[in-house]
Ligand code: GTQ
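Quick setup: one chain, the form predicted on its own, written in structure tokens, and binding and motion questions come after.
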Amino acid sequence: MGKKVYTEKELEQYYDGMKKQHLGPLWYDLGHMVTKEPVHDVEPYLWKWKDIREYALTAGEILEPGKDAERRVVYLQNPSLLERGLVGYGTHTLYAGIQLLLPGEFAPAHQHSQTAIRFIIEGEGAYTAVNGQKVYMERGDLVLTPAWTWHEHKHEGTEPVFWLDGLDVGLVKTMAASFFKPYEDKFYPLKPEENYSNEAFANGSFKKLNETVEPGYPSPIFGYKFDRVEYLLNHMKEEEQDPYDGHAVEYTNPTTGKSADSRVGTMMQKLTPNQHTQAHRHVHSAIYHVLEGEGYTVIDGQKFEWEKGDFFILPPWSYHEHVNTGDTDAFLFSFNDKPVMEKLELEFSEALNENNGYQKVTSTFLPESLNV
């Protein structure tokens, strides 16, 4: 059967008719639907800690958690995603907010289908209770509040406590799977043991005699102490370094050896003075927090200069490399969507194979607060 020759007018009528019937020609749109490599609208961005902290402290004068609001949080809004109407997005899957709790305050118990991690930035004396288990929070600690767990926060100390809330808000919203429920009595019943999981699974090797620990999620550990992470990083051998992330460890579930949280991955890396890692890119996206140090990260040719307390966005499939410009070790904490990508068999990475593995810097990012 030979091809019929259509006039330009007939072809126009054909495509207009298809459009009116909400149909489409794959031969024109295949390249947009099945791209040769990842395509996204996420752009990198960097926030200065001094700005975030100031706004969070002012929020402490405006409202009280548990009374005026469910939580007192200043979130990081990626401007490239706000243009698409995605409010509260750091990347297309991840959300980051800075929560402040003042002495004597509490944030009531609730649960939701989003999974969440908490990374402590400043202060002590506060705790998070997860399903009734109290986990006290100190600077550099990671606290898990897995999806569907009841969790609340309370401050028993004397100084403000700040921490990072990291959630898979974008992922859950895209999947139309968001649920939220407050606990009817505000406080979930507390268990007598405090920080039990931290001690019992200090290195993933201990359990009570005859106790059965089933592999699975959530992790039996809700709190990961920074001093143990720092010890591991400081005792890593030079040959154990990763060429792209330096001395790096991932937080894991001791019953499975996999990511501590089933949907949000977490990593701490150490860069020694003058260390310059090589560039690579991967499908998963990440949000970084500078726990200590100063330096910069090059993302697709753009330099992002950071110092203690700052946050920055790493979009998916973006070449990146890190440089420590200070005289002391730099510690970078990050959380990511890698566990989901791995479960879906979508994770992939590759190194930069030109210029000896280093990018050419074409521009330097200037935060809004520093624009003149």
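Note that the structure is predicted; figures quoted are calculated from it, not measured. Heads up: residue numbers just count along the shown sequence, starting at 1.
Here the subject shifts to the form predicted together with this ligand, a form of this protein not shown in this document.
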| item | value |
| --- | --- |
| Any non-hydrogen atom of Ile299 within 4.5 angstroms of this ligand in the predicted complex | no |
| 4.5 Å heavy atom contact, Ala260 to this ligand in the predicted complex | no |
| is_contact(Glu230, this ligand) in the predicted complex, heavy atom dist at most 4.5 Å | no |
| Contact flag, Asp165 vs this ligand in the predicted complex, heavy atom cut 4.5 Å | yes |
| Answer option from Lys154, Lys134, Arg139, His112, heavy atom within 4.5 Å of this ligand in the predicted complex | His112 |
| Interface residue in the predicted complex among Thr277, Asn78, Gln99, Ser219, criterion: non-hydrogen atom within 4.5 angstroms of this ligand | Gln99 |
| Stretch from 233-241, 112-120, 78-86, 261-269 whose residues place a heavy atom within 4.5 Å of this ligand in the predicted complex | 112-120 |
| Members of 73-93 lying within 4.5 angstroms of this ligand, judged by heavy atom, in the predicted complex | Val73 |
